[in-house]
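Just the one chain here, the form predicted on its own, laid out as structure tokens.
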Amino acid sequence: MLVHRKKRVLQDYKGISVCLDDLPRPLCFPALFGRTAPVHVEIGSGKGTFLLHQARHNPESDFLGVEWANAYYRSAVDRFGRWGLSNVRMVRTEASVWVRNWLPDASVDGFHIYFPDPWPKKKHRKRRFFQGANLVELERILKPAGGIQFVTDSEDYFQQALRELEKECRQLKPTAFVPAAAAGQGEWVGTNYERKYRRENRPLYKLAFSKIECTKMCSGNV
């Protein structure tokens, strides 16, 4: 006999879901989280696997997820709320507009972009987030010594990312990639996408860059 389970109704948690219209420009992170703490932003959070584990394992830091797909956004908010997490927020918006118009200079400790849509067709590549003007914005927003981590299964996207970083970002330098809290042995992020792609034996590509601190940038100008 088939048993049909009721689909659980996703709950909205007002302390976690953030309405864009209610936020000041530029955004004030201490006001948003109610404290001053390191801030990490994930672009394209999906259902929130990375943020869930990072927030649980790093209660001293705050985490903000940006997701455009409404179904994923609502699922992530529901997960964080059920776990009772107070150091995570989610905003539903288009990421390029968000970083350009809301995030202040030198305010974020880390950006995380994991398995974004690769837009593989040549005519669609301009839709990729990790390129050109967006990278300049991330560089502006990062604190000194803050970092960017990026993982993709698209070699073309990866090579483009490296070219754009070298071309556009003078304050960023390569650094070691720090595996996520959910990452198992041999993993980098520990998300469903990564595990699916590893089962399929797809090549995966990662990069990590950090922002040069002012003392190092200015050392040659004495």
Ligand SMILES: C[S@@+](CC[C@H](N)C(=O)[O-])C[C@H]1O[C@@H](n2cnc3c(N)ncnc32)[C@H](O)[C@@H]1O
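Start at 1 with the first residue shown and count on from there. Computed from a predicted structure; not experimentally measured.
Absent from the display: the form predicted in complex with the ligand. The rest refers to it.
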Whether 147, 172 and 213 jointly form a contact site for the ligand in the predicted bound form is the question; each needs a heavy atom within 4.5 Å. no
Residue contact check: residue 114 to the ligand in the predicted bound form, 4.5 Å heavy atom: yes
Considering only heavy atoms, tell me if residue 69 and the ligand come within 4.5 Å of each other in the predicted bound form. yes
Wondering, does residue 141 line up within 4.5 Å of the ligand in the predicted bound form on heavy atoms? no
Answer yes if any heavy atom of residue 191 is within 4.5 Å of a heavy atom of the ligand in the predicted bound form; otherwise answer no. yes
By the heavy atom within 4.5 Å rule, which residue out of 75, 93, 131, 107 makes contact with the ligand in the predicted bound form? 93
Testing 161-169, 31-39, 177-185, 61-69 against the ligand in the predicted bound form with a 4.5 Å heavy atom criterion leaves exactly one stretch, namely 61-69
If we check the ligand in the predicted bound form, which of the residues in 15-50 reach within 4.5 angstroms of it by a non-hydrogen atom? 42, 44, 45, 46
